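A single chain, nothing else alongside it, follows as structure tokens in the form predicted alone.
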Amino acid sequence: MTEKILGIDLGTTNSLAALVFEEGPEVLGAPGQSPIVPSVLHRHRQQWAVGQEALPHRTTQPEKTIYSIKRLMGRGFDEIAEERNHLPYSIVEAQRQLVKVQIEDQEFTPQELSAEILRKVKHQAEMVLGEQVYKSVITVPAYFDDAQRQATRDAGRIAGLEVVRIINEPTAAAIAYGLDEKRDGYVAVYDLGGGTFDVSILKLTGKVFKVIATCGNTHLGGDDFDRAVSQTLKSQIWQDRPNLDLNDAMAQQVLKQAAESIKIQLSSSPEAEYHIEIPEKSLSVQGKFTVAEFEGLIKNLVEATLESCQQALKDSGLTTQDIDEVVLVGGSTTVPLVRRRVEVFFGRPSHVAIDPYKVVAIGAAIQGHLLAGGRRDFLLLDVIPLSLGIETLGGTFSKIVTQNTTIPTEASEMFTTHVDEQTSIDINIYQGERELVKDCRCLGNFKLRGIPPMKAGLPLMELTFHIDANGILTVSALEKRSGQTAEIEVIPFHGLTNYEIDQIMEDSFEHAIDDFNDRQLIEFRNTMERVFRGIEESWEMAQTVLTTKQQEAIRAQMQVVENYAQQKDPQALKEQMDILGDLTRSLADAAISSAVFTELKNTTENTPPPTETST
């Protein structure tokens, strides 16, 4: 068996892991449970609840419940002005434009929060596998820039994972469909998730994948569909109650939840019913939403994605007639209008055989299997989404590596000074497509020192940009006449330094036992709530199959368990849960027998009599 390298789709809305087994790739979820982990976190008693456990708190404690954290990854405070207006939790600016989420008196970087989601995904995979996993391939939107890729890699490292490769989500999807095993040609991968959109054009030649163009929008996704519906619901409520405050965090989350429900219902039904209830505001509203209303609201957003498709085709020098295959990725591609418009645009049906929620993780797992030495003989060639270069005289942007260059790659250019006797040079590194640096994104800077004093124009400085297979940039400078050198692995101004990452990891090691106990405590509390719910649902039966003394013992033990749940000892809680399990065993047996009897009775009643035959 080859080394295990998880494929992880770290998504805006949902995350999950997959692995390649002898029978093929599979997403990893416990039997009877969904493998999908909602990318949601809730802070309670100085601990995190992650995934399904966190979801209910979006409406009850929105200021302590974090979602859409992927939209903040690798971005500066000024860049997320739009997001800050729509997210219910507090976002603050730290040093170097670093973004942090504030909950009460604590602050967390997006990398730390994403790491909690990755830990949950990793833990779930390990529970299925029965062993620990230390390595992963993590996917990112094709349009993620260097800063966002760095942030993703840092999140993996904080979560205790060695990120052996970062690959683009569209490329992972193409791998998952095994398109490398089909004829040569061009594939368009349309990826519309919860928070981001991108489209990639891939060229398949033999066993070689090459991304030849990519385009997209890191501010467009299913969240925006929800927002459009939510705004409409708000406007409708205001028609009857114009003075009602619906802009506080709780009201916004209730509306968002209703909008999500409407969107999901309308993917399979011509109309959706909704019920919005906010007791604190004495609000109870019911209504219906039609497909026509929904599609009218999101039409422009869908058309914006097709404009990106057109741009990607233009960049690749192709037309829709040249595209042989179209692959849909991301949960938002289940919206019927999206599927219809994509099919009309490309003039052909899309691949939808693999669940769009799972296809990226499966592709990442296949890539991980390849890197682990598995038998899968294709070559993956990705591209950088935006040009990379430096600031030159007058604030101009000099591109050294151009957009859609295949990675890994290396490019060099010669520069000189413009001031006499200059002994050092500040090198400012930017990413973008505009001509002036003020319209591009600054990734970082460093200084080349020790240049001998010379007249302007005489120093010869060679700048080399090296981009590895993960899309991570390293810049080096060499002054030819003096031999002075300098090098930097570009950490964006608003990214985490290696020291900060080491500090976060050191803290996690220091608190590893406490963290494990806290996780167990959360899991046992969740189990307790499920057991209590089951007992209450079966209590009518308990009064017929149990003695009064047995019933009293169960009620007393439930109180004991509840008391232990308020404490900090998970093992003590488990022991009390085991005692409760022993006390309720006869009740559980009776409930199972009753369910089996009911099922057999229904089966017998619904079975038609045997057909008579003639002899």
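Rigid core: the largest C-alpha set superposing within 1.5 Å between the two forms. Counting begins at 1, following the sequence as shown. Quick caveat, the model's predicted, so the values are computed rather than measured.
There is another form of the same protein, the form predicted together with ligand ADP; it is not shown, and what comes next is about it.
Visitor: Select from the listed residues E325, E83, E260, E295 the one whose heavy atoms reach within 4.5 Å of ligand ADP in the model of the complex.
Guide: Selected residue: E260.
Visitor: Going by heavy atom distances of 4.5 angstroms or less, which of Q484, T218, T417, S267 would be at the interface with ligand ADP in the model of the complex?
Guide: Spelling it out, the residue with a heavy atom inside the cut-off is S267.
Visitor: Does S332 make contact with ligand ADP in the model of the complex, using a 4.5 Å heavy atom cut-off?
Guide: Yes - in the model of the complex, heavy atoms of S332 and ligand ADP come within 4.5 Å of each other.
Visitor: I'd like to know if G194 sits close to ligand ADP in the model of the complex, meaning any non-hydrogen atom pair within 4.5 angstroms.
Guide: Yes - in the model of the complex, heavy atoms of G194 and ligand ADP come within 4.5 Å of each other.
Visitor: Please check if G222 has a heavy atom lying within 4.5 Å of any heavy atom of ligand ADP in the model of the complex.
Guide: G222: yes, in contact with ligand ADP in the model of the complex.
Visitor: Quick one: which of 247 to 255, 362 to 370, 441 to 449, 194 to 202 gets within 4.5 Å of ligand ADP in the model of the complex, going by heavy atoms?
Guide: Selected stretch: 194 to 202.
Visitor: For a quick check, can you give me the residues of 8 to 25 that have a heavy atom within 4.5 Å of ligand ADP in the model of the complex?
Guide: Contacts from 8 to 25: G11, T12, T13, N14.
Visitor: Superposing on the rigid core, do we see a C-alpha displacement of 2 Å or more at R71 between this form and the one not shown?
Guide: No, because once the rigid core is superposed, the C-alpha of R71 moves less than 2 Å between this form and the one not shown.
Visitor: Comparing between this form and the one not shown on the rigid core: C-alpha of S268 shifted by 2 Å or more?
Guide: Yes, the C-alpha moves 2 Å or more.
Visitor: Look at N168 and decide if its Cα position differs by 2 Å or more between this form and the one not shown after superposing on the rigid core.
Guide: N168: C-alpha displaced by less than 2 Å between this form and the one not shown.
Visitor: If the CA atoms of A259 and F144 move by 3 Å or more in the model of the complex, do they move toward each other or away, so closer or farther than here?
Guide: Those two alpha carbons end up farther apart in the model of the complex.
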